[in-house]
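What follows is one chain in structure tokens, specifically the form predicted on its own.
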């Protein structure tokens, strides 16, 4: 099971003049993947992160998507979560519930949140077990390259330091190969205890979308997408280690996040 390494896979870059234009295209992208997955597999499995990403999904709650998306076929997961109560301001679940889940008719039984009543280690183990059960019955697909779950879409933001999910620069969690879900107790940004998908799971998805908005992300975006020398330490920039094995990677960037990109490196949306 390989988490990283090998040649850098060329990704698709979509650059937009504004966050609003980005949100419009992101909604259409997610809607199309949902439609394709429901046709092919009978369901759509999506894993979310937190931050500004959730507000950028807001157009899915509006016409035409509120009526055209087959919400009953959605299964929602979290690529990472903070080890706090579900009603805590730092909870990714609360953010998603308030801004998205409360506005669309996704079935409660299809929303797989992380247990907030146990230790962070137990919560990670429980979440991995729940995903393994869904892989067994093929609600969640399985990778052709390894035994990892194959989510239809993993939607990730990126921090100015290049972290994705709760995988931070130089953290030992980046090296994990066998685990699907792990936990950390020493996050460099609060809160310290978090649960996160590992790189093998992220890289086994059918589709990964990386969303970055704001000038403070520009350097990390450049380093994550540009060619670098042999001696570049990928663990210093986890976003660069997101390289889907058999899937597709699409970057959604506003013009400020893309401000130091080589324009020949991607396409403009």
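Residue numbers count along the first chain shown, from 1. Computed from a predicted model, the values in this text were never measured in an experiment.
Note that the form predicted together with a small molecule isn't included here; everything after this is about it.
> Does the trio 50, 92 and 217 actually contact the small molecule in the model of the complex, every residue with a heavy atom within 4.5 Å?
Verified in the model of the complex; spot residues all in contact, yes.
> Hey, in the model of the complex, does residue 121 get a heavy atom within 4.5 angstroms of the small molecule?
Because no heavy atom of residue 121 falls inside 4.5 Å of the small molecule in the model of the complex, the answer is no.
> Does the small molecule come within 4.5 Å of any heavy atom of residue 169 in the model of the complex?
Contact with the small molecule, no.
> Quick one: does residue 141 come within 4.5 Å of the small molecule in the model of the complex, counting heavy atoms only?
Taking the distances in the model of the complex, the answer for residue 141 is no, it never comes within 4.5 Å of the small molecule.
> Should residue 164 be classed as touching the small molecule in the model of the complex when contacts are defined as heavy atoms within 4.5 Å?
Yes, residue 164 sits close enough to the small molecule in the model of the complex that at least one of its heavy atoms falls within 4.5 Å.
> Within 4.5 Å of the small molecule in the model of the complex, heavy atoms considered, which of 177, 88, 136, 189?
Only one listed residue qualifies here, and that residue is 189.
> Please pick, from 154, 83, 158, 181, the one residue with any non-hydrogen atom lying within 4.5 angstroms of the small molecule in the model of the complex.
None of the others qualify; the residue that does is 158.
> Where does the small molecule sit in the model of the complex: which of 51-59, 218-226, 239-247, 25-33, heavy atoms within 4.5 Å?
Single hit among the candidates: 51-59.
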